[in-house]
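Single chain ahead, by itself, as structure tokens, in the form predicted on its own.
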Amino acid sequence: MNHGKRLETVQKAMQEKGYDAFFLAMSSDLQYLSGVLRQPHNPTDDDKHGDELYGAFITPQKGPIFLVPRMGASEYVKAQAQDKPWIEDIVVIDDGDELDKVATDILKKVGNPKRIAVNDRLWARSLWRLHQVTGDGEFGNASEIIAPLRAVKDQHELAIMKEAGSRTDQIFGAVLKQIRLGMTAYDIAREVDHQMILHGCTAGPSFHTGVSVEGEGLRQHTTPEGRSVTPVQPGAVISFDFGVIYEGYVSDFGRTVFCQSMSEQYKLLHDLVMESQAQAIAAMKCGQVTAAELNRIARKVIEDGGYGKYFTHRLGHGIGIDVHEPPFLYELDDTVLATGMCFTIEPSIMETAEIRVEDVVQVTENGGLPLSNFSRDYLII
């Protein structure tokens, strides 16, 4: 990926907007511009000394200059930066360093900027620290500049996302072979996560793996901890919603599986959901449809079938480094779809059970190109 070109594009935009510097927290925005992958989050906060300054400054002339806590971050970032000559410097924050001085020193290093743009996932205390140190500094939103760039994927990004989709297909196929009567949704979800590791997606899931076990006269029952204890039994409907992280990019996938049999009613609902997705994918032509219009196209199929009130969520969302990225496929987003954008297309009908499908789909000149391609036929196990 040409991170140097990305940086040049952003640095030009900084000048046009009158910003002296960007400060980006360790985030997907910073990964996009620097190539330094985010570290996985711990289940609870670890509160390293210097966390509020963990990120990088970029100026129209320099960047990125990383600020990293010594504990749990410095060696990781140094290793990630070894083959990236566009990274200007790495400043390590030791446990004994006074953070106001660290902030003052780094601001001096980047020219004492007065207009600074930060990304929209920056901690409040990070912004407060910078505000205190700059005194009369003015702050803006760097994500407003970076997000439109991230929305259109280049060929290298698309190749990684296609591989993520292929591995997701393989993972799902392997999971289906492991499902047995008596297993719970929790058991199946743990098998999904296990198969991710076996298929080389060692960074784990892109979000908490979702599995439900439902059906006619059968509803999920959960423990106080939220673990489903409803067993798979004949007639059960098992729906999946999961994704992987692969080389810093993600997938998001869904299918519905029927245990031993499938009623005519479920066939009807399944056909409506698949037709809704198919019509949306066909309409994903560059410059010819907006995000809101695509949502309407898919929704109309299910509404015309008489089940509109059971399609309770947006059609989908942009996807790339993050599992949910703008643009979003819902009524409030009038973004015109462009070649290289990628979206989840995930219609569903949530009546007696959740009947759903989901694939990541790339926008092209001729319509959508799915990046995951597991069978969309009836899946009866």
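In this text, residue numbers run from 1 along the sequence as written. Remember, it's a predicted structure, so these values are computed and weren't measured experimentally.
The same protein has a further form, the form predicted in complex with another copy of the chain, not shown here; the description that follows concerns it.
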For the chain seen here without its partner, which of 206-214, 103-111, 265-273, 233-241 has a heavy atom within 4.5 Å of another copy of the chain in the predicted bound form?
206-214
Residue-level contact is defined here as any heavy atom of the residue lying within 4.5 Å of another copy of the chain in the predicted bound form; does D51 satisfy this criterion?
yes
Using heavy atoms and a 4.5 Å limit, would one call Y186 a contact residue for another copy of the chain in the predicted bound form?
yes
Would Q288 count as a contact of another copy of the chain in the predicted bound form, using a 4.5 angstroms cut-off between non-hydrogen atoms?
no
Exercise: G137 in contact with another copy of the chain in the predicted bound form, heavy atom 4.5 Å:
no
Each of K12, K62 and V77 within 4.5 Å of another copy of the chain in the predicted bound form, by any heavy atom, yes or no?
no
Sole residue of Q170, S228, N119, Q279 within 4.5 Å of another copy of the chain in the predicted bound form, by heavy atom
N119
Given a 4.5 Å distance limit between heavy atoms, list every residue of 55-86 close to another copy of the chain in the predicted bound form, or none if there are none.
M71
